[in-house]
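In C-alpha cells, one chain follows: the form predicted on its own.
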C-alpha cells in the first residue's frame, strides 16, 4: 500500500497506513505531543489522559475540511494529506494547560519526598504546560498507602489512573490480580481483597507508572535519583533478556530498572529476579553510562562539583570515572 503524507507543525513525512498522529510526530522526532497513558509496547493504551490533543486543520487531501474539535493524537490515524497543528496552535497549548490542571487537582505536592522526583513524567509535563498556581480550593483525595507484596508500595494519592500498570500486568502475566475499582472521584487502583502482586514480572508496573504512585519498596528513600549513576548492565537470566539499567552509588547497585527508549517507554521488560534480587556489582556486566536526555535532572551527576565547600556534600563526580 502507498504511504500517507502528513504535515505536522509545517514538517511533512510519509508514513504507512494505520500510523497514528502521535507515532508520525515521533517519527519526525522534534516536538511531538506528550503522552501520560499511551505506551507503545502495551496494546489498547491511549485515550485516557488527553494531554496529547492536537488540532487537525485539514482532514485529508480528499476532504480538506478541518476537524471540528481537538483530537487525541494517540488514537487518531493519519489520512493522506492531513495537516496538523501541535505546538504551533495556541488552542492546543491552552487545552494541555487545562488537562495538566485537572491532573494536578488531586495530586499531592510531595515532590520533595517522592522517589519519582527527577524522572517523573507529570513533573516534566507540569513544568512545560502547567501553571504556577491552582484554582482548586476543595480538599484532595486521600488514600492509605498499600503494600502490594514485599517489593512494591502503592501511593494511590499520586495515581492519575493512566491504566498502564493494569495493561502491563494483563499482558505480561496469566493472573492479573489488580485493576481499577469504583467510579468517578473514588476510582482507585486496587487488588480488590488486598492480594499480593507476586508474579515474576510484577515489578514492571513500577517502570511504566508515569508518576510516583507505584514505587520500589527496597529503594524507597535510599537516594535521590540524580545522585546515583545509571549504567547499561547485563546478566544471564533464564526468565528475561537480562538487559537492564544498574543505578550505582559508591560502587553499590542501589536499584535496577528496565531500559527505556527516548519516549520513556520500556521495550524489553525484565523479571523480578533481575530487578530485586541482584544488587551486587559482581552480578552484572557493567557497560557504558546510560544515555539520558540533556535536559534531564539526572544528567547533573555527569559533571564535577567545582565548589568543595564543606556545605556541599554530594557525590556528583563525572559518571564515567
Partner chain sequence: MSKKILLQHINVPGIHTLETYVAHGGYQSLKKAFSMSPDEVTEEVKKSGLRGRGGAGFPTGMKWSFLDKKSEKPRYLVCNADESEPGTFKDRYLMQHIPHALIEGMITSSYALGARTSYIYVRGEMMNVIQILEKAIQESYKAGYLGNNILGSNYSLDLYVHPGGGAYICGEETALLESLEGKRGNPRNKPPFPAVWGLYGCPTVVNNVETIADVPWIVNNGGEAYAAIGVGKSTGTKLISACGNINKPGVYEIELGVTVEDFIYSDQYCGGIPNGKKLKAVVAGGSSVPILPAELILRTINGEPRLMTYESLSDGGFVSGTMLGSGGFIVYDEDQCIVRNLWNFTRFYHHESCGQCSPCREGTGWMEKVLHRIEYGHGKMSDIDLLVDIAKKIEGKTICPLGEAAAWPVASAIRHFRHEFEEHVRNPESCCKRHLHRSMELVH
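What you see is a predicted model; the values in this text were computed from it and never measured. Residue numbers count along the first chain shown, from 1.
Although not depicted, the form predicted together with its partner chain is the subject of the following passage.
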{"item": "Contact residue in the predicted complex, chosen from 253, 70, 42, 271 - any heavy atom within 4.5 Å of its partner chain", "value": "70"}
{"item": "Residue among 161, 146, 237, 111 with a heavy atom within 4.5 Å of its partner chain in the predicted complex", "value": "161"}
{"item": "Contact label in the predicted complex: residue 49 to its partner chain, heavy atom within 4.5 Å", "value": "yes"}
{"item": "Contact test in the predicted complex: residue 103 vs its partner chain, heavy atoms, 4.5 Å", "value": "yes"}
{"item": "4.5 angstroms heavy atom contact with its partner chain in the predicted complex for residue 187", "value": "yes"}
{"item": "In the predicted complex, residue 117 touching its partner chain (heavy atom, 4.5 Å)", "value": "no"}
{"item": "Proximity to its partner chain in the predicted complex (heavy atom, within 4.5 Å), stretch among 134-142, 237-245, 203-211, 217-225", "value": "134-142"}
{"item": "Residues in 52-67 close to its partner chain in the predicted complex, defined by a heavy atom within 4.5 Å, in order", "value": "53"}
